[in-house]
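Only one chain is shown below, in structure tokens, and it's the form predicted alone.
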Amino acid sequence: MALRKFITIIGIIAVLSIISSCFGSSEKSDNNMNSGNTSLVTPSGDIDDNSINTKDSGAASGIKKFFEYTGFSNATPGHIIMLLVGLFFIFLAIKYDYEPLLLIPIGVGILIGNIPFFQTGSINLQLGIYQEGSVMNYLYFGVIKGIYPPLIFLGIGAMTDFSSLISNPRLMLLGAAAQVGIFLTFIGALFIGFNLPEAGSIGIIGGADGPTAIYLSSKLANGGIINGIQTKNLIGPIAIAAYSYMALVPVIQPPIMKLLTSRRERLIRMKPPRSVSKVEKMIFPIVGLILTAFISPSSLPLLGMLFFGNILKESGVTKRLADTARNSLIDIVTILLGVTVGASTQADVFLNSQSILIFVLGAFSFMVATAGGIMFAKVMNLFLPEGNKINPLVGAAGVSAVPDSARVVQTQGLKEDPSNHLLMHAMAPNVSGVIGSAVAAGILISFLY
């Protein structure tokens, strides 16, 4: 089989060489006719050696040019590294079921973005995501202009049930407390050497919300001049870091949850959430939209679409629109977003020390956000009577990785007590974390844009 493939490749190269030679000889003949010389034979009857050499050089030139345009000629160690990273993402998604709807599109996008091709300043093959006029460049427009994230939020709103949050509003504070990771990481990024807009974009990774991270970085770290400050294009590294940590929620959060809580705290049982009426479900997104938009108008593209999607769901009269938003639309946008974000990790743009720093800061941000939610739950318990206390594990769901962090809380709670179900309680800070991270993004845009 291997020999057959080798012979096939040699055959293809030979055919290309013959075609190239024919074109070369044809072009030479045309030139000779134009110059009045139509014979390849000298007046003495001998064959013109220069003509034969021209044919040979045409064939060699064709083969050389073919090879120069292949990925084998243009590959660098950086391309190989990024191809391995893409394969690793796909492996995690398939083998361990880590956010496959995100990691497979991103992994394939990394492969697409790191196939080596011929690049020079004078030739634009319109292949790469950063080459003007290429298909990938047009699709990437939705990332750099922040078009995809609001559409994702529309689908999330159409899927989200705010009942747990409405029934126990105090749990919203846990979602707010988890955003402490965003602002601490913002300060850390400034200390390391990133400028103000870049630091703000890096800090949002702590919210564990990929669309919000992409939206904010498209505004503050897009390679343009923001508020008089020249920024670098950090959309790719920030998006990959945010989605990576979202996928690794089941790996990162449990050790932190166990470290910061005692067994007695992990066994706390919470009262079942009360039943929520349809009227309350309908009023909540309307009030939420108006209130959050007044507090942080810059977050309107995200939160406006989030609450709009929820109104479609809860109104009961727009079922078709709600179904489209939470199924077809969000699936299409997820595919486009994942592939283009993955393709933006082109080796010559992505592989640098700043990308590594972003991943380190992102991990720090995510861990601080998880710890912030847990610790704030413990502080709240100091003021709550017995029988009304909060299981601190629920605080870990304050990061907005919906619904993965809530599932992690449920899993950890069942490990301690198989009859203690925390999922519905955890969904309250989980969905409030989505709102909180979007509000935080709006605040950062207001201050830094």
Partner chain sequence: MNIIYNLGFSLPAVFNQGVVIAIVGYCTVFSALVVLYFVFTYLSKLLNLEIRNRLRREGKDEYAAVKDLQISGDESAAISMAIYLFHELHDVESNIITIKKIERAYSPWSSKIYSLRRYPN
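Numbering follows the first chain given and starts at 1. The structure presented is a predicted model; accordingly, all values stated were derived computationally and were not measured.
As for the form predicted in complex with its partner chain, it is not shown, yet the points below apply to it.
Visitor: Have a look at 346, 163, 195, 222 for me and say which one sits with a heavy atom within 4.5 Å of its partner chain in the model of the complex.
Guide: Looking at the other structure, the residue within range turns out to be 195.
Visitor: Of these, 236, 155, 362, 175, which has a heavy atom no more than 4.5 Å from its partner chain in the model of the complex?
Guide: The option sitting close enough to the partner is 175.
Visitor: Whether residue 287 contacts its partner chain in the model of the complex should be assessed with a 4.5 Å heavy atom distance threshold; does it?
Guide: So residue 287 counts as contacting its partner chain.
Visitor: Answer yes if any heavy atom of residue 447 is within 4.5 Å of a heavy atom of its partner chain in the model of the complex; otherwise answer no.
Guide: Judged by the heavy-atom cut-off of 4.5 Å, residue 447 is in contact with its partner chain in the model of the complex.
Visitor: Looking in the model of the complex, any heavy atom of residue 186 within 4.5 Å of its partner chain?
Guide: The answer is yes: residue 186 has a heavy atom within 4.5 Å of its partner chain.
Visitor: Can you check whether residue 354 is within 4.5 Å of its partner chain in the model of the complex, heavy atom basis?
Guide: Yes, residue 354 sits close enough to its partner chain in the model of the complex that at least one of its heavy atoms falls within 4.5 Å.
Visitor: Pick the stretch from 196 to 204, 91 to 99, 77 to 85, 253 to 261 whose residues have a heavy atom within 4.5 Å of its partner chain in the model of the complex.
Guide: Correct option: 196 to 204.
Visitor: For the stretch 434 to 449, which residues lie within 4.5 Å of its partner chain in the model of the complex by non-hydrogen atom distance?
Guide: Those in contact are 435, 436, 439, 440, 443, 444, 447, 448.
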